[in-house]
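The chain that follows stands alone, in the form predicted alone, written as structure tokens.
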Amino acid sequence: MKRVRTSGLAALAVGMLALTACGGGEDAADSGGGGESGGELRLWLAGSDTPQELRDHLVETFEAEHPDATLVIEEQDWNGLVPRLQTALTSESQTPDLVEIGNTQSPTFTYAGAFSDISDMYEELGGDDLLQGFVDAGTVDDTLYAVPYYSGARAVFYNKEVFAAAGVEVPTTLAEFTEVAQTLQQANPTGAPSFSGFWLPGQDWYNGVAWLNSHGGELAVEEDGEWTGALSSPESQEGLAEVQELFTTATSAPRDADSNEPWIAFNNGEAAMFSAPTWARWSIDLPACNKGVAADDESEAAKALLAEQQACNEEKTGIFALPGLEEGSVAPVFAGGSNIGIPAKSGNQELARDLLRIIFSPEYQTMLAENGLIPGNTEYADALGDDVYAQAALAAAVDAELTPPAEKWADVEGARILEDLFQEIASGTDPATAAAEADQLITDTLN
């Protein structure tokens, strides 16, 4: 899940009162603009993770099945997505008809009644082959409101030539990873002024949480219906101490930056390693490989040059799943990804269901996998292939963990509690002191 800003669940819940009073599901199809007879169906996709090829497929397939209707795909930036949804999903005239939301945002909107009940589609869309953690995030009281679109567990990309120059090899344990990052930091084979053995910005809790998870720590725990911040537990503290060591000895990334676009530093020779979902492979553009193809050049010659460029990038770049505490194990990294649901205010309930069927068709699920995304229906995960990127993605996904399924978790992210915690640790604050403050904020926010 990407970081979002939100004005709080209270505002969302107030806005949703009108929504739930009007009812969802089939009743909602009688209200709102457009209706079912045709017209325009609006799909909101978050960010740029869905390739253009897949967007084109959705439009062509949907409009072929519904000649009187038009599918309009609107890309929404992850930043500020929650406030935009707060406004749009409460309005019959503004609501889209199908919405991609981050997996950690999903509980907030499902608890608030923002989406229509699609429990009757569960088996049709994949049943138990669906990513179950994402299904749980889209379910309230055994009623299904949102289903998994895709997942992308994080893996570590590294520059093979830089590794060779520093005399290091791919680590096999989490402790070795720190040692390798430190050695790279000290060696600085590229000579960059602000070189990082491992690119780890100060606010990057999405990657840092893997150390906490590895030691058995948790962000928050639930007992008797009440959530409590758990960053002060001995297990969490052990993980946070190791993250602070990385901040201190293995990275020069800005203390006030987040996890956005880590490949930029890698492409510029400013980092030997970075961690991101495996589809980041398409963003790697090493200077030694760049063919200078213009972005708008669609000629066959340009396509051939781009293929050469990509092959060069992948020859010089390696990838591995972040190792766990024991040799041969894999760290439980953060499971990024998205859910997708039908807004209850949409006046095009049946058309939206038809589009959902296209998205969960074998063809589209296969296309997701072929583009490096772990599909919502794991039956088609084999289409990821068997190259190193697919192997790393699947290895990282095995034990990947979601954020706590708390109703108000989006408020924790919106308040940037974890970004602030990690930035404090990166800046030298004692992890116990920073965690105690963050725990109180998390507890107050979730309850």
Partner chain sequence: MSAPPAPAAPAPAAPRTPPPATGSTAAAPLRRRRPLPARVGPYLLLVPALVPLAVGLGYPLVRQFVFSFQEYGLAQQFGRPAEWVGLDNYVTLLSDPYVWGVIARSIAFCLVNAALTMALGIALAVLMTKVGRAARITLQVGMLLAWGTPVLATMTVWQWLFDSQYGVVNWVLAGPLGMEGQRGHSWLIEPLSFYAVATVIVVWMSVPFVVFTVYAGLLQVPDECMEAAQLDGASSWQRLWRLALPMIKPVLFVVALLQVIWDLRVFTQIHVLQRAGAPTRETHLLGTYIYSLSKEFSMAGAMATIMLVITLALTVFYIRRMLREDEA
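Residue numbers count along the first chain shown, from 1. What we label the rigid core is the largest C-alpha set whose atoms superpose within 1.5 Å from one form to the other. Keep in mind that what you see is a predicted model, and the values were worked out from it rather than measured.
One more form of this protein exists, namely the form predicted together with the partner chain; it is left out here, but the text below deals with it.
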**Report entry** Proximity of Asp420 to the partner chain in the predicted complex, heavy atoms at 4.5 Å
**Finding:** yes
Query raised in the report: Going by a heavy atom distance of 4.5 Å, is Thr433 a contact of the partner chain in the predicted complex?
Result: no
Query raised in the report: Taking heavy atoms and a 4.5 Å cut-off, does Ala114 contact the partner chain in the predicted complex?
Result: yes
Requested in this report: Decide whether Lys408 counts as a contact residue for the partner chain in the predicted complex under a heavy atom distance cut-off of 4.5 Å.
Outcome: yes
Query - Position in contact with the partner chain when the complex is considered in the predicted complex, options Asn103, Ser346, Gln86, Ser275, heavy atoms within 4.5 Å - result: Gln86
Report summary line: None of Ala155, Val180, Val209, Val82 but one has a heavy atom within 4.5 Å of the partner chain in the predicted complex; the exception is Val82
Query raised in the report: Can all three of Thr90, Ala265 and Arg416 be found with a heavy atom no more than 4.5 Å from the partner chain in the predicted complex?
Result: yes
Query raised in the report: Looking at 366 to 374, 196 to 204, 296 to 304, 330 to 338, which one sits within 4.5 Å of the partner chain in the predicted complex if you count heavy atoms only?
Result: 196 to 204
Report task. Note yes or no: does the Cα of Ile342 move by 2 Å or more between the shown form and the other one after the core is superposed? Result -> yes
Query raised in the report: Taking the rigid core as the reference frame, is the Cα of Ala114 displaced by 2 Å or more between the shown form and the other one?
Result: yes
